[in-house]
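This document opens with one chain alone, in structure tokens, the form predicted alone.
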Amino acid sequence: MISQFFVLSQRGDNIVFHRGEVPKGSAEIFFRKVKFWKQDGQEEAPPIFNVDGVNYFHVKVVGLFFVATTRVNVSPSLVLELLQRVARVIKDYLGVLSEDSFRKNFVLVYELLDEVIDFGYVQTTSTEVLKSYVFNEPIVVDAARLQPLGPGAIFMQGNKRMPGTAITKSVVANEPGGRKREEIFVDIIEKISVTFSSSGYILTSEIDGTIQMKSYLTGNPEIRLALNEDLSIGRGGGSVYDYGSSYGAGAVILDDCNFHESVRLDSFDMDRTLALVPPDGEFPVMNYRMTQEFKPPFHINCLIEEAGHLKAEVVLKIRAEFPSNITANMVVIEMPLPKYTTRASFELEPGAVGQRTDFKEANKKLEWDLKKIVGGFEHTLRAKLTFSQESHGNITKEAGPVSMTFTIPMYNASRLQVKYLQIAKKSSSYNPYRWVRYVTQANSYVARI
């Protein structure tokens, strides 16, 4: 099925190369194609493309390219899922994915790949199963050498906070002293897609969510994870804002969901509790999708109008609709401008800190970066545009739409919550740490002009 598997750094260095029938220079061909991709108006190479009869599949994980090649016709989704799972298995063993951790653990990585892929065919991608065949312990990379994490990488336990680097431990290596810290990490990650009309109304909205778990508990005790009691699966067609509906105003209504094979649903219908014995490594406990109306975290307002001969002005306003104790990070707003735009000058609000603006002349795009946005605040950007020719139509039809990316820690739009995390006790003194983190990210957040 798969001819080759390799991992490349951002510079194109070959970190891992796993056998192959296709020419040896395929890694160089792939990197040059991805780096200098300019085709069909796209800026970035798609995850799958063909060069000289060789199919290249790739995913980018923390700056590293995980690539598979084949000459035969295979299911693209299967290969892309395999690449994601290989990355996850290696991360489970090494604790962190980085060029340094790969180079220090060459033998272990190749041993894992030999067990996962045999003559191009997948054998297993389960960390639990691989522990029976791979016994080498990883050389752990010092956490101090990792890149600093932003506020989005914070776990909570009541009022206690723990940085996301806590989860960069190997699930197989013992800590210094031979003892293992008993703890479990749960992530509720939601990717939201919203499309606003030119007048600010919501046209489409959707949430793709997952509950991820990573366990460092010895003996694999049973865990009970409780969700909202008013959680409903499957829409009855009623609006959540219809107070006469049977769901009630605060109900969480999921369109559909699926569970990990280890999850038992004996009491799920009765009290919305999931029971499971967590396998080793990181795994999704539950995936869900929701199209129920929800309050978007940001409201985007954009206006573009002509301001004289060969000139126009853009006014962009972003308002955070979440509480003031929550902060959004890594906010990037992009807006395509008319193709005949030659220059753009920017004006930020007085006292603006941690903001950066840019005009990408190559693809005629306005970019506005905000390091953070505190809930309840509004930010405004004005841009004066200069054109090389007169507009022969409606200028609003030649610009936009406005797109936005962001990460909001400790916030979730669906209101789905982990009410409690119960671990079967081995003794009266057994009380492992339980860490929970909520993260909301933009999948496709777009406002039409």
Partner chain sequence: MAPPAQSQRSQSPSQPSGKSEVSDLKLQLRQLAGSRAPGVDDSKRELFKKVISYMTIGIDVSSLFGEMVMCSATSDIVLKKMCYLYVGNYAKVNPDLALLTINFLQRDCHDQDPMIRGLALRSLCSLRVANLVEYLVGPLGSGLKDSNSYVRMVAVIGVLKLYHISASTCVDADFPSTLKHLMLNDSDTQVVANCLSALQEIWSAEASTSEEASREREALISKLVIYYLLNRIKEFSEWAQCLVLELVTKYVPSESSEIFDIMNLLEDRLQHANGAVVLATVKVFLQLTLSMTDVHQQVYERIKAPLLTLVSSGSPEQSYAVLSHLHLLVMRAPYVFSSDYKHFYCQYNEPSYVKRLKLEMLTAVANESNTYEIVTELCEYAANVDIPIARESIRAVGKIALQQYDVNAIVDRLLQFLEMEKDYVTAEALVLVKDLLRKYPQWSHDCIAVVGNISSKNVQEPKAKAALIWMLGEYSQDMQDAPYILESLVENWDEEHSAEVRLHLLTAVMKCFFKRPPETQSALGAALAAGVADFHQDVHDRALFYYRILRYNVSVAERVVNPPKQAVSVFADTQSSEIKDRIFDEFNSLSVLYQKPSYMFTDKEHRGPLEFADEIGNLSIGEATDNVVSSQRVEENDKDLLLTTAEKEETRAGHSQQASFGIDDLLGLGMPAVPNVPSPPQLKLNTKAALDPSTFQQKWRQLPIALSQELLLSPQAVAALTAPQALLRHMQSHSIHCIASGGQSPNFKFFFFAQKYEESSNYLVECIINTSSGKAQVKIKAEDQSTSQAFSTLFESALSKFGTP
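Positions refer to the first chain, counted from 1. In this text, rigid core is short for the largest set of C-alphas that superpose within 1.5 Å between two forms. Bear in mind the structure is a predicted one, so any value in this text is a computation, not a measurement.
Missing here is the form predicted together with its partner chain; even so, the following discussion is about that form.
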item: Stretch in contact in the predicted bound form with its partner chain, which is absent here, among 198-206, 346-354, 305-313, 367-375 (heavy atoms within 4.5 Å); value: 198-206
item: Listed residue that, although its partner chain is not shown, lies within 4.5 Å of it in the predicted bound form (heavy atoms), from 33, 415, 384, 60; value: 60
item: Residue among 320, 82, 188, 274 with a heavy atom within 4.5 Å of its partner chain in the predicted bound form; value: 82
item: Proximity of residue 431 to its partner chain in the predicted bound form, heavy atoms at 4.5 Å; value: no
item: Interface membership of residue 260, its partner chain in the predicted bound form, 4.5 Å heavy atom rule; value: yes
item: Close approach of residue 407 to its partner chain in the predicted bound form, 4.5 Å, heavy atom; value: no
item: Exercise: residue 379 in contact with its partner chain in the predicted bound form, heavy atom 4.5 Å; value: no
item: Those residues of 427-449 which, in the predicted bound form, come within 4.5 Å of its partner chain by heavy atom; value: 443, 444, 445, 446, 448
item: Core-aligned CA displacement of residue 189 at least 2 Å between the shown form and the other one; value: no
item: Residue 50: Cα shift of 2 Å or greater between the shown form and the other one (core-aligned); value: yes
item: C-alpha of residue 307 off by 2 Å or more between the shown form and the other one on rigid core; value: no
